[in-house]
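Quick setup: one chain, the form predicted on its own, written in structure tokens, and binding and motion questions come after.
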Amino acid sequence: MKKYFIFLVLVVLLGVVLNSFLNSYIQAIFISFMINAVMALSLNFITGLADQFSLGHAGLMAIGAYTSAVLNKEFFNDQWIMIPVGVLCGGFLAAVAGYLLSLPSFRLKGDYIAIVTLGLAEIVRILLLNWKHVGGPRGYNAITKFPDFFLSYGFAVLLLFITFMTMYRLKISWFGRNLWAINEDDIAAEVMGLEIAKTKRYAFTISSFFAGLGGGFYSHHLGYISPGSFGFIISVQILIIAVLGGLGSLSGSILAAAILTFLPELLRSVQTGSLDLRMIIYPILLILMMILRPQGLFGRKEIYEFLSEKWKTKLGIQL
């Protein structure tokens, strides 16, 4: 209980500092970091634990974003207090879409799953592009936002905390052990009586739900969304964060989200004339990371396991 109290105090202090001493640009970056972390956690759950390569998270994010935005504008009369309800509805609709997608496709493996999920993302994007009621290619604007930064920050922290704790509890539960078994050797897991397709389906549905939550909050954070906001590159960016942190490491996904959200902004000042060196330095750093540490920052371990192992090694203690 004590550690949760300390965490709460630190979160409140950070919010006070951001709200009182930093400008809206930095505040927006912090919110974006937490949204990226939620999306990376949801993808890591299915890709890192169950070894299902998904490229459809942008589509699930779009479902959550448009659902929450439309509900709040047309049914909740633009009341900011109803934003959590809209976000939750977006998560549930994304979960339904993920479940329906998994019914015919989760007997496939590897690259085939990636192609199917990519197809989902493109179908969602094209439907939104041609749906005039939600703006079509012009996008959907004037979406309700929280009235001040502190409320938006508090909701983002709560969403990230709930996502991480849910994923972590599932990871260390019997369900998470089943996913690890599928990851290691799905044939051996099936021989032992594990229902492979059913387990993967549940995992993808859970992952889709949290992707929808992240997308729902994303729409209320920006106040404007369009089909172009959920293109293929968004799925790739989420995947990069998950891989960089370490597939299977939830705390690694949060750290990687922080690095890949703040680093491009820090590199904005590195520019020579019309040449944006930021777009050269950034990919070089990613390539070096993949060469020097291909398993990601923490591999499959959580941060406390990783640090504990490092200290034991330094002290010469046998593991």
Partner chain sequence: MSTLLSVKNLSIQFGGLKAVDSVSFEINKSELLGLIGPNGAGKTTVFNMISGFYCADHGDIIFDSENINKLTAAQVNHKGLARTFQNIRLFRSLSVVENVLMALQQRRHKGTFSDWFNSLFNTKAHQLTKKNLDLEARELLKIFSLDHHSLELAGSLSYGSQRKLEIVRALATKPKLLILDEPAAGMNHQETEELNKLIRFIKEKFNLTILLIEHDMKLVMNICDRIVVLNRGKKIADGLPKDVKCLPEVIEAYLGKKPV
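Here the structure is a predicted model, which means the values were calculated and not measured. Residue numbers count along the first chain shown, from 1.
We do not show the form predicted in complex with the partner chain, though everything after this point is about it.
The partner chain is not shown here, but in the predicted complex it comes within 4.5 Å of a heavy atom of W180. Among residues of the shown chain, Q79 is not one whose heavy atoms approach the partner chain to within 4.5 Å in the predicted complex. In the predicted complex, the partner chain stays beyond 4.5 Å of every heavy atom belonging to E74. In the predicted complex, at least one heavy atom of R300 sits within 4.5 Å of a heavy atom of the partner chain.
None of 82 to 90, 186 to 194, 149 to 157, 225 to 233 except one has non-hydrogen atoms within 4.5 angstroms of the partner chain in the predicted complex; the exception is 186 to 194. For the options L239, A97, I206, I113, the residue carrying a heavy atom within 4.5 angstroms of the partner chain in the predicted complex is I206. Heavy atoms closer than or equal to 4.5 Å to the partner chain in the predicted complex belong, across 149 to 186, to the residues T166, R169, L170, I172, S173, W174, F175, R177, N178, W180, A181, E184, D185, ordered by sequence position.
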